[in-house]
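The chain that follows stands alone, in the form predicted on its own, written as structure tokens.
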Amino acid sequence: MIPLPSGPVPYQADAVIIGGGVNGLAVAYELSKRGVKDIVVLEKAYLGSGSTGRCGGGIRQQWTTEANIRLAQESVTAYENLASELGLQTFFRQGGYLMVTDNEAHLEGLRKAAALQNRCHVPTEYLQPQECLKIAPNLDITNIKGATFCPKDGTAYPFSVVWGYARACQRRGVKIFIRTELNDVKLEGDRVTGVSTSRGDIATPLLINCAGPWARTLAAKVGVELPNRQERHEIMVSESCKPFLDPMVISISNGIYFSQSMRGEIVGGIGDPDEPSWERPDQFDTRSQLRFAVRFAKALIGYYPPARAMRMMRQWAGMYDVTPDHRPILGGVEGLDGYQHICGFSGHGFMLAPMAAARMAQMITSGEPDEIIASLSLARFANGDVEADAFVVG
């Protein structure tokens, strides 16, 4: 990758994007493809240092709301071609997603979700417990009541995707500044006119908030109140083993997910209902905890008994940017010109980023409305037009 600039920021830009994760870089790339010339991306740490670089890399279409299904479906299509488009291997692998439950009360929900996904042309199948063994041999199905499986779901390596977007952005003239803090946003009346940073001021008519866990703090600088909260989640990685698992396995009963990487490691996590939420970024705690390691190990052995002999090598924590309905917030805010946000993915920004960015860029440059973005606008919370997605794990 071309070295990133180290001097002062340019004094003006057609668009300034806050956040050097997958969403910020993807929207910069998509805007550049549509003719926006002077684009600046500001990242306060290093590329992928926020939620993107701490995620598990899963990409699935098995959701319970049509907007999420359609975004994910389009993103899977994008991921299938992303390596060649960006010019960098993304390690995208379609081993499928196997979603299981130990609770009979969940079965009707799984069936309905599979039916909705099928109506959206996603090839999800409803499975009986015994059928899971054809997809994931050695899975302990003793307590499993049912499952769904989509063979086109998969995983990719987050940092490769970030670096691929960054390199493609640079080829198109996008200026990316790391270690650059946003100090303030300049407004004239109801219009964004620029930003103040640790490397100087930039005059701009367009500010795009892709700040992930810090999106709420940035929105407040322009007088916008986001309903987002931040949830701490952890991931653990095992030693490398011989290949034995093609799909990502998810339990909607206890929230565990795990898959095997191309290097043979088991990568997975599990939610903790006792984890507190954060509303201020200075309160984020991303230290690793023994509590998680024990919780994850017990749950993993419960579904895959041979894991008992595996050694866990490392773990880390990151933040989910969570909305009340677990769906992203996309688009602008009525009464405020020059401000857009792409946030609130509730732990699933990596999988939805390619098409969320493409749709946002198309809407911004064409001025034409987008039905999915409209359905995911901030206004839905005030209007009471909220449809929660049920399959949020981690």
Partner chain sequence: MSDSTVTIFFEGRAVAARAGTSVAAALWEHGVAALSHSPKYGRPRGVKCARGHCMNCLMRIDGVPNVRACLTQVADGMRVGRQDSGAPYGAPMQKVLDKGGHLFPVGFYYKWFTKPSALSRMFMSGLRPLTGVGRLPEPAAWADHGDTPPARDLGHIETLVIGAGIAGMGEALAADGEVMLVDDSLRCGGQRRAAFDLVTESAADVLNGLEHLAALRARLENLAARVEAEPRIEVRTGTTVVGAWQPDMLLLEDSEGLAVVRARHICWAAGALDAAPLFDDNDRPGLIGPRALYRLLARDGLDLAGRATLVAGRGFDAVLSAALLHTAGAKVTVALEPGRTGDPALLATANRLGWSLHTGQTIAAAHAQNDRLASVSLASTDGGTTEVPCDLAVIATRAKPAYDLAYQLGVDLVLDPERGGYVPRGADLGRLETTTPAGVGLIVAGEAAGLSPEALLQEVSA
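Positions refer to the first chain, counted from 1. Since we're looking at a predicted model, the values are computed, not measured.
The discussion below concerns the form predicted together with the partner chain, not included here.
This chain lacks the partner; the member of E131, E181, E239, E225 within 4.5 angstroms of the partner chain in the predicted bound form by a non-hydrogen atom is E239.
The contact with the partner chain in the predicted bound form, taken as any heavy atom within 4.5 Å, belongs to S160 out of T101, S160, T197, Q73. The shortest heavy atom separation between Q260 and the partner chain in the predicted bound form is within 4.5 Å. The partner chain is not shown here, but in the predicted bound form it comes within 4.5 Å of a heavy atom of R167. Heavy atoms of G189 never reach within 4.5 Å of the partner chain in the predicted bound form, leaving it off the interface.
At the 4.5 Å threshold, heavy atoms of F177 stay clear of the partner chain in the predicted bound form, well away from it. Between 215-223, 92-100, 200-208, 119-127, the stretch whose residues reach within 4.5 angstroms of the partner chain in the predicted bound form through a non-hydrogen atom is 92-100. In the predicted bound form, the residues of 296-312 lying within 4.5 Å of the partner chain by at least one heavy atom are, in order, Y304, P305, P306, R308, A309, M310, R311.
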